[in-house]
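A lone chain, given as structure tokens: the form predicted on its own.
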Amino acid sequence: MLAYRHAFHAGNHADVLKHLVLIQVLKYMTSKDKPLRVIDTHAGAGGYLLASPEATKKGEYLQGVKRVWDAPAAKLPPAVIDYLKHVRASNPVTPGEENPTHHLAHYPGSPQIERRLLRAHDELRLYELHPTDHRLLAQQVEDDKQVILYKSDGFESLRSQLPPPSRRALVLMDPSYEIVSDYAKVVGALREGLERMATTVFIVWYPQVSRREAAELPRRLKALSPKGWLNVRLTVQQPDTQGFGLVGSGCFIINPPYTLAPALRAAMPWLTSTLAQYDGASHAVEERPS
């Protein structure tokens, strides 16, 4: 578990989908007056340099955020505009005589996006076990009184965070799934979290890979959902010659905001065509309203 580092995958097609969804959910939840607690169970390093040896080893961001960054601005869906705004906010500006331009050098992880969207009376709880990523993230949040960073297992610790005093919470759960037991841990943590507070909004990212547990996870999450759910999937590439590889990913949202499905239905056709790496690229948005 401690061998995985997201720096090798930062800004890939899965990050684009996950963070686009996260931004839309947070926008809605922070439009309400009551305080919000956000719990990020696998926070990573917080942000990533795209020129680092890790990010350039496979250059996954070139088929992800770079394609979105370079797309013509004229016909961007609103959710993509929101996403790009947060990516640009994390990047330096090159001065120009008339129109200063941003240079894509840095990719914001979920903690940076969450911190930017939260209000003064909201709370952020971050979990990260990898010693290097924990140290890097600690340097970013050490002076932020809204944030508490834990070097502990986000699966096992989730129950200690629910319910918050405001009884409003958003949980982002995006483990690497490199260990097959992560699939069962997701289901177990969700079950326990919903027992503690059934109105919690959960965003569960999952990979599309050649593994039975990955194919079964959305079905298992549907069975867990007490009220409404939304499942969005993006498939952009084919498996490699051995039948492996991250061909796409999805986000399963429990108790989704009513604004999320329309936003995704408007954005996903554009996102699919922009990130497609083969002719069979596809997407799906399915939901069960509460």
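Residues carry their position along the shown sequence, with the first being 1. Quick caveat, the model's predicted, so the values are computed rather than measured.
Keep in mind the form predicted together with a small molecule is missing from the figure; the text below concerns it.
- Using a 4.5 Å cut-off to the small molecule in the predicted bound form, each of A43, G109 and F155 places a heavy atom inside that distance.
- Taking the partner from the other structure, the small molecule in the predicted bound form has a heavy atom within 4.5 Å of a heavy atom of Y127.
- Taking the partner from the other structure, the small molecule in the predicted bound form has a heavy atom within 4.5 Å of a heavy atom of D133.
- Contact annotation for F8: none of its heavy atoms lies within 4.5 Å of the small molecule in the predicted bound form.
- Shown alone here, P207 lies farther than 4.5 Å from the small molecule in the predicted bound form, counting heavy atoms only.
- Among T199, S176, N91, S166, the residue placing a heavy atom within 4.5 Å of the small molecule in the predicted bound form is S176.
- Contact annotation: the small molecule lies within 4.5 Å of heavy atoms from the stretch 145 to 153 in the predicted bound form, the single such stretch among 117 to 125, 209 to 217, 145 to 153, 74 to 82.
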